[in-house]
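First, one chain by itself: the form predicted alone, in structure tokens.
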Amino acid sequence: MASDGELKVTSPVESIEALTKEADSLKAKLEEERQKLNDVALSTVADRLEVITYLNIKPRRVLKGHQAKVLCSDWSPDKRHIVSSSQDGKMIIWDAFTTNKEHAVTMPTTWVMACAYAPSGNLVACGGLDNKVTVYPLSLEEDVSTKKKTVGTHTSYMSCCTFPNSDQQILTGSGDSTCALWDVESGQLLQNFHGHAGDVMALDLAPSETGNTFVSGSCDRMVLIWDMRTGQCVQSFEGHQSDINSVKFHPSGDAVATGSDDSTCRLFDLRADKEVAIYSKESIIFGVNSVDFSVSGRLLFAGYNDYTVNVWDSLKCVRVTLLYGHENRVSCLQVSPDGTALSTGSWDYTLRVWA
């Protein structure tokens, strides 16, 4: 028993336990306060909207040519061509209408995990397990690979890339937990984005003209919104129970959809600063690899590990239809720039175009 003059010494373990308890109770209080602010659910607000009853989406084209799993694809701004990359180390430029291959480029590595068209349509970028992002100018005259150029290098694999607003810069995400902005001409690192605690799996640009924000999703289950000019994270969202594989801005720019290994898609609203919708069913137990919106934002397309594409009503949070056809997991999907078609890539070595 300590007399009045003496201090009771607590062991470090005890004080850590006490602090942890306090932190947990503060977290619970925060959550409670947050709940009080909640308005009605998005699906409740959407009650008065017409139900989407009939969608006539059918498989229109099958693109065959890859010798291994298709890992990534991107539509050209001309709305006709698609670039795809595969575990076979090949990058192929397709005419999605005739299904002809216009270019087939052999990469220095297998597992080409990312590919993207530049806004002009004259360049494509790709990368993967070689940790690099490489840019290829597309011209029909000569062999594409002779003009290739390494723009940036990460310390781990490159998982995703996109051109923000011009052919001059490229934005990449990597297994080294960072995103980076590179100058295409000089290969200089313009901005680094530190904040994730796990592999960055996906990124997407905000759909505004000025476009200085982008979103990233990671294996740390976090969705982060970044300011490209400062390199600062300006907003973060949590809620997923597992790795986030895909992120996509709503066409309005006010919300972000995500797809995760926890077999759900979610919608996070930037103005409300929280999750406003979850797209899931008891019967769906497979992970989501890729998500994209229709041009209006009313439909959310999601590619799953059970070989299907689910089409969700983004407001009513109900599934509108299922697209069957692939014979292995759907690894990537993207709505064409004019919204008239949907392309899907799969581990069954094919890409399909739906309309």
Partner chain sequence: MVTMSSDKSAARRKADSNNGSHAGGSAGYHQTTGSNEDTPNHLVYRKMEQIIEKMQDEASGVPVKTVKSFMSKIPSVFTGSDLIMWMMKNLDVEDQNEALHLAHLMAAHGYFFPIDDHMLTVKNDNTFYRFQTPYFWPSNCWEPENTDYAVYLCKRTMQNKTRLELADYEAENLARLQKMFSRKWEFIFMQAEAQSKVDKKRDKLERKVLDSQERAFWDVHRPMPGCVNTTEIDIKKACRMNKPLKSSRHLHLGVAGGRISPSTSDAEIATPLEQMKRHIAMLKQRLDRRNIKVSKVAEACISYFEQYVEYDCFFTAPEYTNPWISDSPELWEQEKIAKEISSRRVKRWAFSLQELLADPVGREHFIKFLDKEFSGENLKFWEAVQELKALPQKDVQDKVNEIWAEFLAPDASCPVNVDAGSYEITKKNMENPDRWSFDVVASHVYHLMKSDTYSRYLRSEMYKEFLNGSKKKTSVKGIRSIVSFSARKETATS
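Numbering follows the first chain given and starts at 1. It should be emphasised that the depicted structure is a prediction, and the values quoted were computed from it without experimental measurement. Under this definition, the rigid core comprises the largest set of C-alpha atoms superposing within 1.5 Å between the forms.
There is also a form predicted in complex with its partner chain; it is not shown, and the following applies to it.
J.: Identify whether its partner chain in the predicted complex is within 4.5 Å of every residue in the set 69, 168 and 339, based on non-hydrogen atoms.
T.: Per the other structure, all of 69, 168 and 339 touch its partner chain.
J.: Check whether residue 143 has any heavy atom within 4.5 Å of a heavy atom of its partner chain in the predicted complex, and answer yes or no.
T.: Contact with its partner chain, no.
J.: Hey, in the predicted complex, does residue 89 get a heavy atom within 4.5 angstroms of its partner chain?
T.: Residue 89 lies outside the contact set for its partner chain.
J.: Any chance residue 104 has a heavy atom within 4.5 Å of its partner chain in the predicted complex?
T.: Residue 104: no contact with its partner chain in the predicted complex.
J.: Flag residue 251 as yes or no: does it have a non-hydrogen atom within 4.5 angstroms of any non-hydrogen atom of its partner chain in the predicted complex?
T.: Contact with its partner chain, yes.
J.: Just one of 75, 163, 214, 136 has a heavy atom within 4.5 Å of its partner chain in the predicted complex. Which one?
T.: Checked against the cut-off, the match is 75.
J.: Would you give me the residues of 240-278 that have any heavy atom within 4.5 Å of its partner chain in the predicted complex, in order from first to last?
T.: The stretch 240-278, when checked against its partner chain in the predicted complex, contributes 242, 243, 245, 250, 251, 252, 261, 262, 263, 269, 270, 271, 272, 273, 274, 276 at the 4.5 Å heavy-atom cut-off.
J.: Tell me, please, whether between the shown form and the other one the C-alpha of residue 340 is shifted by 2 Å or more, with the rigid core used for superposition.
T.: Where the cores coincide, residue 340 shows only a C-alpha shift between the shown form and the other one that is less than 2 Å.
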